[in-house]
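The chain below stands alone and is given in C-alpha cells; this is the form predicted alone.
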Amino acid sequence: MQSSNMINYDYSVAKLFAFATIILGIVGMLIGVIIAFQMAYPELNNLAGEYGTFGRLRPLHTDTVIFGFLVSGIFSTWYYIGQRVLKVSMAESPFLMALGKIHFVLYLLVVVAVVGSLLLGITSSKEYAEFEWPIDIGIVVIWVMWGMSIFGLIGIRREKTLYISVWYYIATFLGVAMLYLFNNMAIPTYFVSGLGDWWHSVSMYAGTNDAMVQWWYGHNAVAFVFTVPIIAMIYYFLPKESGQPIFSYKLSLLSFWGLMFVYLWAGGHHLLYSTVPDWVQTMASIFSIVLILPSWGSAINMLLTMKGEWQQLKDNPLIKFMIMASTFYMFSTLEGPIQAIKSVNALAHFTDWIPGHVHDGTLGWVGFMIIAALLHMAPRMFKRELYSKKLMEAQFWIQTTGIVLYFSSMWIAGITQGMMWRATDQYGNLAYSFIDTVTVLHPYYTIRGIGGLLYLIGFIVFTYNFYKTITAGRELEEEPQSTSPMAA
C-alpha cells in the first residue's frame, strides 16, 4: 500500500472550481454593488433597458453569489480537503477523476443557463429557488455527481477515521439534496395543459403550504450552504494554518448534532404574523433562540483553538481573516435569533435590518472564510509562495470597513423604517407616508452602496494577489506544513 506521506494529491478539479469561485465572486459582487446604488439612485435602473433593472439583477446577484461564488468555493475546498483528510489522491481513481471534471463542465453549463434565464426574466419567483424545472434537473444532476465524489473518495480512503470536516460536507450534501428536491417540486404547465412556454411551471404546493415549504427551504439553504460547509472549511484550515489542534473535538461533534437537529425547525420564523399556524410560528421562534447554542459552540471552539497563539493574528493575515470570520459568525448567529423573537420581528420584518443581518454573515463569515481557504490552498496547489502579505493586509481592512459600513447603515435604516411604519398621530392615523420613509433612508442606502463597493475593491485586490501568486510567486521546493509562506 502506498504510504500516506508519499501521496501526490491531484488538485486539478480543485483548481478549476477555485477559478470559478473567484470569477463568479467578482460578477456577483459587482451586480450587488450596482443594485445597491440603484436603491439610492433609481435612475440607474435605466442603464440597460429591462435587462438592467433592479427586478432582473437582484435575483441574479443573490443566485450568482450563493450558487456561483459560494457553491464553487464549497466544491473547490472539498476536492482539496477531501483528498488530504482521507489520505487518498483522486488520481488513484480514473472514475473519480473523470467524474470531477464532468462535474465542473456541467456546473458551468448550468451557471450559463441560470444567468441567461434570469436576465430574460424567466423565473419561478421563489426566493433562492428562482430556476425553472429544466435548470432544476441540471442542478440535481450536478449535486448527485458531487455526492458520488464524496462517497467515492470515502470508499477508497486510507484514513479510517472521518475528520469532522467530512461530517459537515456530508451534511451539506444530504441537507441541500432533501431541501432542494422538496421545495422545487413543480408541474410543467405546457405538458399538462398545452398552454404557455415549455419551460414554465407552477409549484406543486399552494398558498400557506407553499410558503411553509419555501421558507423551510430558504432558511435551511442558509444552514446547509452558508453555515455547515463553511464550518467544515474552518475546522480544517484554521488548525492547518495555525499549527494548533482544534480546542475540543467533542465540542465540534456536539455542535454538529445540535445544528443538524435545531436548524431544520427554525425556518418558520420568516412567516411570523402570517397565515401559518401559531404553533409553527412559536416553535420556529423557540428553536431559533436555541440555535444560538450550537452556533456559538462552533465559533467559540474556533476562537479557543488560538488560545495562547494570538500573536499569529499580527503575523499572519490568513489567521486574521479566519478569526474575523468566526467573529462575524457569532454576531450573525446572535442577531438572527433576536430577529426571530416575535416582538422584535414585528418591528424588523420587511425592513432593511433583514438584508443587514444577511450580509453580516455573507460578507464577513462566508466571504472571509472562502478567501482565507483559497489563499491557504494556493501555495499547496500551485507550489508557489503567496505574492504579497501587504496586499492581504490592505484587503482585510478595506473589506472589514466595507462590511461595517454595510451592516451598520442597514441596522439604522431598518430600525428607522420599522419605527416610522408603526408611528401614529394623536388621532391614530399613520404619521408618515411610505415616501417619507424612502426619503429618510436615502443617505443610508448610499452608505450601503459605498460599503459594498469597498468589499468589491478588496475582492479585486485578492484576485490580483491570487493571480500573481500562481504566475509570479517564488517557487517552493516543498509543501509548507502549517503557516503559508508569503512575500512581504
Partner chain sequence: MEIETIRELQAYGYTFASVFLAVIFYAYIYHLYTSKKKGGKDYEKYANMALNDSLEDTPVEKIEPLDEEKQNRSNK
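Numbering follows the first chain given and starts at 1. What you are looking at is a predicted structure, and each value in this text was computed from that prediction instead of being measured.
The following text describes the form predicted in complex with the partner chain, which does not appear among the structures shown.
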* Among 68 to 76, 84 to 92, 315 to 323, 108 to 116, which stretch sits within 4.5 Å of the partner chain in the predicted complex, heavy atoms only? -> 84 to 92
* Asked: Just one of Ile246, Ile412, Leu303, Ile139 has a heavy atom within 4.5 Å of the partner chain in the predicted complex. Which one?
  -> Ile246
* Asked: Which of Ala98, Leu253, Val404, Ile338 has a heavy atom within 4.5 Å of the partner chain in the predicted complex?
  -> Leu253
* Does the partner chain come within 4.5 Å of any heavy atom of Lys160 in the predicted complex? -> yes
* Answer with yes or no whether Tyr236 is in contact with the partner chain in the predicted complex, where contact means some heavy atom within 4.5 Å. => yes
* To do: Mark Gly258 yes when one of its heavy atoms lies within 4.5 Å of a heavy atom of the partner chain in the predicted complex, and no otherwise.
  => yes
* Asked: Taking heavy atoms only, is Met283 within 4.5 angstroms of the partner chain in the predicted complex?
  -> yes
* To do: Can you tell me which bits of 449 to 488 touch the partner chain in the predicted complex, meaning any heavy atom within 4.5 Å?
  => Gln481
